[in-house]
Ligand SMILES: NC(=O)c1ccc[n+]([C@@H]2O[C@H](COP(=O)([O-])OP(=O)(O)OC[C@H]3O[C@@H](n4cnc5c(N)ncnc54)[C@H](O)[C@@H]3O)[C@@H](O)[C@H]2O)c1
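Let's start with one chain on its own, the form predicted alone, as C-alpha cells.
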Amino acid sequence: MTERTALITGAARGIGFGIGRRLARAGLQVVLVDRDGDAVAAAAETLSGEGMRARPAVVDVADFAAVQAVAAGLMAELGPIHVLVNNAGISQPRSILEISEREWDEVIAIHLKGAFNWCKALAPGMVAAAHGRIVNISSVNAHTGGGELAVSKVSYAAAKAGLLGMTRALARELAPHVCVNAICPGSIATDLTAAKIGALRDRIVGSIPLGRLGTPEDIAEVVAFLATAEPCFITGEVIDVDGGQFIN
C-alpha cells in the first residue's frame, strides 16, 4: 500500500475525512479534495501530524476544467492515482414542490457530475496501469427515495441513484483491471447531519436494528476493504451500510 495513492473528494470533514484517515492508516498516500481550502488544509495537517502521508487539494468537483487541471497536476507530481473515492456531496431537504431549478442543478452537479469529472480525469491512468479502484459513495436514499425520516429529498435521491447506474456502467467499461463499486450509507452521525437530524434522532435510532447511528468510521472500513483487498473479485456491486435500517 505504501506505493499507492488514494484521492477522496469531500474530504475536509465527516465521512470523507474518515475515509482519508482510514486509507492513510492502511499505508496509502492520500489526497484530500474539498472546495473549502482552509478546512481541507487543516484536515491534511491533522493526518500529517498523526504520522500519515496526506496533502490537500482545493477544487470544486462540479467544475470539469478545474478538476482536469488539478488531476493532471497531481499525477505529474505524485504519479498514478490508484484509488478514487467519490464522496463529495451536499444535503437538500426540499421536496419537488419547494425546490428551485438552481438548487436541483447544484445537487446534481456536485454529486453526479462531480463523480463523472473525477472518473474522467483518473480512469484513463488506471486503465493504462492495469490497476485501479473506484468507490462511489451513494446513499440508501437511492433505494428509498428519501422516506419520512430522511434529511434530504428528491434531488439528493435522484443524484445518488444516478451514482449507482454510473457504478454499474463503469464496472463493465473499465474491466478487467479496474474495480468499481458503490456504498450506500444509512443514517450517519456527522457535523453536517447532527443539526438536521435534531429531534428525529430517537425515532431514527429506533428504526435501526443495530441500535445506533452509523459513524464515518463504519463507512471507511468498507471503503478500505474495497480499495485494498487483493485479489479483488468484486465489481459493480452496491453495499448498504445502514445498521440494518433498510433490510430487504
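Numbers follow the displayed sequence, beginning with 1. This one's a predicted model, so the numbers in the text were calculated from it and none came from an experiment.
Just so it is clear, the following notes concern the form predicted together with this ligand, a form of the same protein that is not shown.
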Testing 126-134, 165-173, 82-90, 69-77 against this ligand in the predicted complex with a 4.5 Å heavy atom criterion leaves exactly one stretch, namely 82-90
Just one of 150, 110, 154, 178 has a heavy atom within 4.5 angstroms of this ligand in the predicted complex, so which one? 110
Give a yes or no for residue 15: in the predicted complex, does one of its heavy atoms lie within 4.5 Å of a heavy atom belonging to this ligand? yes
Can you work out whether residue 30 and this ligand are in contact in the predicted complex, taking contact to mean some heavy atom pair no more than 4.5 Å apart? no
Are any of the heavy atoms in residue 59 no more than 4.5 Å from a heavy atom of this ligand in the predicted complex? yes
Quick one: is residue 36 in contact with this ligand in the predicted complex, heavy atoms, 4.5 Å cut-off? yes
Contacts from 173-190 to this ligand in the predicted complex (any heavy atom within 4.5 Å), listed N to C, are 185, 186, 187, 188, 190
